[in-house]
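One chain is shown next in structure tokens, namely the form predicted on its own.
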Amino acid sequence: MAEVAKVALVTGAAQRIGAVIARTLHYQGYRVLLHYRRSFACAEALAQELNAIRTDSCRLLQADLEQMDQVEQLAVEATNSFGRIDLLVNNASDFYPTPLESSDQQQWDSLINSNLRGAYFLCARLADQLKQHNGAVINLIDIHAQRALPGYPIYSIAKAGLQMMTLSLAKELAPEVRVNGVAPGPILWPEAAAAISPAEQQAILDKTLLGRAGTPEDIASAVAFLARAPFITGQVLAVDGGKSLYSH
């Protein structure tokens, strides 16, 4: 009897790093559930691409992770789609500045919910499925979980919470489920072209030991490695070109 293909749910999978993670896992034989919030056209195009490679190996799931009822529904739909969940990749994230003096509760709720609360409750609701299949959770964190990014206090707090969630749930879900994190450094600049000027980009790269930005494939390779590393749990792998080691 042929072995049943494993199933991975990747949140925020329509574009950028999430899409590359989904492609990489699909290439390794996973059936992939692509979660998206608003980017339906990109998600649909990616699903068509992957399903052209292997029939019915990819399906779409829409949800706003800031809305708790939609998080709950996403967990149900994910479980029902292929009948199992082997890997949860919490990649979805909002990212924008929140200067302390002008920050407000809406920004707090948005950044905390999209980066932390949604990921936590997906883990909680999918825990039984993950345990049943000796699965894994991989959280996309950020090197700024440990070294706060100036001007982005709420985002930094949310990612610090996600790092502690990784460590905590590694204990809660052991021994059946492994929980790890990947902490990207400079990989892709924000989509808003004016968010970081070329001079600011270069200043960041000057504080990166390898002297260059990484690629989404670097992150996807790290996720793929942790997905198949049977004796690693409770770890956060920095994929940052050495930026976190830079001496000021």
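A residue's number is simply how far along the shown sequence it sits, counting from 1. It should be emphasised that the depicted structure is a prediction, and the values quoted were computed from it without experimental measurement.
Here the subject shifts to the form predicted in complex with a small molecule, a form of this protein not shown in this document.
- Segments offered: 168-176, 86-94, 120-128, 99-107. Contacting the small molecule in the model of the complex at heavy atom distances within 4.5 Å is 86-94.
- Although the partner is absent from this view, L188 contacts the small molecule in the model of the complex, with a non-hydrogen atom inside 4.5 angstroms.
- Residue contact with the small molecule in the model of the complex: L140 places a heavy atom within 4.5 Å of it.
- A residue is said to contact a partner when one of its heavy atoms sits within 4.5 Å of a partner heavy atom; R23 fails this definition for the small molecule in the model of the complex, lying far away.
- Although the partner is absent here, L65 sits close enough that one of its heavy atoms falls within 4.5 Å of the small molecule in the model of the complex.
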